[in-house]
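Given as C-alpha cells, the chain that follows is alone and in the form predicted on its own.
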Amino acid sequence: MRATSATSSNNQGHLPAGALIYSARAPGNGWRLREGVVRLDNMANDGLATFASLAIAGDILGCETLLFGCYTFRATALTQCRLTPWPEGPEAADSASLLTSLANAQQRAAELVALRGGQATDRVLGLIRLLADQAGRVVLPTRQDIADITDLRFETISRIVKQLERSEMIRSIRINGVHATRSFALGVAIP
C-alpha cells in the first residue's frame, strides 16, 4: 500500500489505486469522494485490518471527525480517486448533502451485507453492479479486495471473473490509467 494520503498530497486530492487516504484514529477533516471507490477498514489494536465498508463517488468520508476529532476507519483507494475537502461551504455540514450521503451509505451497507452471503457468482455480480457507472463501465478492485468484500477466496474470485468474461457478461475494455485486467464493460447478458 502506498503512503500517499489525501491530506498530505499536493495533487488536489487525485490518488492512485492503493493509496492510503487516511489512517484510523488519525486527526483530520472530511472529504467528498468525487471519483473512484474507497475501502474502509476497521483496525484492531494489533494492526489487523478487517473490511468494514465501501464509499463510492458522491459519498462523504471522514465526517466523524466533526464529532470525534479523528477518523474511525482506515481509508484506502481501491481505484483511482479524486477527493475534495468537505464540508464544501459553511452550511454544508447541516445541509441535505450530509443527509443524502448518510442515507446512501446506509443503503450501501445493506447491499454490502447481501454481498457476503449466497451464491459466489451472484456476490461478484452484485459488486460489479454496485461499482458500475451509468455507461456500464466498471473498474474492479484487486481480486484480493473483491475477496475481502464478498467474503470469498481469492481463487474463487479469479475463476468467477474469467467465467463472466467467457460468458460475455463482462468484457475487458481499455480505460486510460487502469490496468487492463481491472477495467470492464457490462455485457448485454448482465441484468
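Residues carry their position along the shown sequence, with the first being 1. Just so it is clear, the model here is predicted, and its values are computed rather than measured.
FYI, the form predicted in complex with the DNA isn't displayed, but the following is about it.
- Contact check at 4.5 Å (heavy atoms) against the DNA in the predicted bound form: all three of Arg153, Thr156 and Val178 pass.
- Contact with the DNA in the predicted bound form, judged as any non-hydrogen atom within 4.5 angstroms, is confined among 140-148, 48-56, 63-71, 27-35 to 140-148.
- None of the heavy atoms of Thr100 is located within 4.5 Å of the DNA in the predicted bound form.
- Among heavy atoms of Lys162, some come within 4.5 Å of the DNA in the predicted bound form.
- Not displayed here, the DNA is kept clear of His14 by more than 4.5 Å at the level of heavy atoms in the predicted bound form.
- Of the heavy atoms in Gln119, some are within 4.5 Å of the DNA in the predicted bound form.
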